[in-house]
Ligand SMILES: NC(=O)c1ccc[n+]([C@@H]2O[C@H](COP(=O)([O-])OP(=O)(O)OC[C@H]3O[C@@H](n4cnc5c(N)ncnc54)[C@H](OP(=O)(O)O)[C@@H]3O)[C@@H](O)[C@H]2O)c1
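For reference, the chain that follows is the form predicted on its own, supplied as structure tokens.
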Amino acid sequence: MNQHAGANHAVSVIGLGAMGAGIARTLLDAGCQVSVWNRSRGKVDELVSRGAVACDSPLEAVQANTYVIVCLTDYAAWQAIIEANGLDDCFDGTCIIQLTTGTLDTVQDHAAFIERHGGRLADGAVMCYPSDLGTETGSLLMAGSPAVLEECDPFLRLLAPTWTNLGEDIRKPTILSRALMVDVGLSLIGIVNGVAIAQAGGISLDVFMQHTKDVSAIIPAEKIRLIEAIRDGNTEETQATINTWGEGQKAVRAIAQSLGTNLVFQDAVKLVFEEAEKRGLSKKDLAALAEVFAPGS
């Protein structure tokens, strides 16, 4: 097995989907020795043409280097690979940099599994597109013991120069990444839904796009204001109450319904505001919706 990452920058990458392949390419471009394995051989050959070392099995990839980056669709896929290839007893002395999406239970079970089998683990989430890797916009959320994160740092910095250390709680990258995805995901779904409404009403998408840029300009500052209000428990001061926002969403739903668009998104929003009204939050700032989503609500 190879020595400390800082000494030779040799690493294996298991899983060559869009993100895994992006990770491998970024590390190759940075001068690392990269061994790769993927279920589909075509993706392996493409990276071999860029200087990667092909592995014929995941076992070979694990045994090739001390540092192994795993980037798969989910933990079920990783578990299936472990079981099908008899990898259980192959992690002794290996440092797994796990960048696979999981649930809190699967993340914790995996950490216990790696520890039982003599391995070390840095668990994380990639919060950027593959094209952002290796640039200042690259984003990695990582957790693990201080010693493991320190030894993985050379690789992590190549992928995301300002990667985030969330401490020893192995669950935190999963929690934070999913929390951020609520914001990103619903924002993007919302804009697609808005496009559908505009198109149904005969609005030019060029016109819609221009006004989206103007309206969206207020969003970054308003997001910070909402987070600060929730952090500080200040949900009484407001320029627009939950009731005002709710009435606005009712108007959106009415227009969407009149134009014949699917109301699945509006129906979900409607439920949120109805729940806020039941809780007596109508006169409070939008930040008070946090009470609707709080555990045990």
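In this text, residue numbers run from 1 along the sequence as written. Quick caveat: nothing in here was measured; it's all calculated off a predicted structure.
Just so it is clear, the following notes concern the form predicted together with the named molecule, a form of the same protein that is not shown.
A single residue from the set Ala143, Cys152, Leu72, Leu159 has any heavy atom within 4.5 angstroms of the named molecule in the predicted complex; that residue is Leu72. Screening Leu205, Ile175, Ile191, Ala77 for any heavy atom within 4.5 Å of the named molecule in the predicted complex leaves a single hit, Ala77.
Taking the partner from elsewhere, Leu16 is found to have a heavy atom lying within 4.5 Å of the named molecule in the predicted complex.
At least one heavy atom of Cys128 is located within 4.5 Å of the named molecule in the predicted complex. In the predicted complex, Leu226 stays away from the named molecule, with no heavy atom inside 4.5 Å. Residue contact check for Leu99: one or more of its heavy atoms lie within 4.5 Å of the named molecule in the predicted complex.
In summary, the region of this chain contacting the named molecule in the predicted complex, judged by heavy atoms within 4.5 Å and restricted to 35 to 43, 226 to 234, 60 to 68, 256 to 264, corresponds to 35 to 43. Residues of 81 to 96 that come within 4.5 Å of the named molecule in the predicted complex, judged by any heavy atom, reduce to Ile81 alone.
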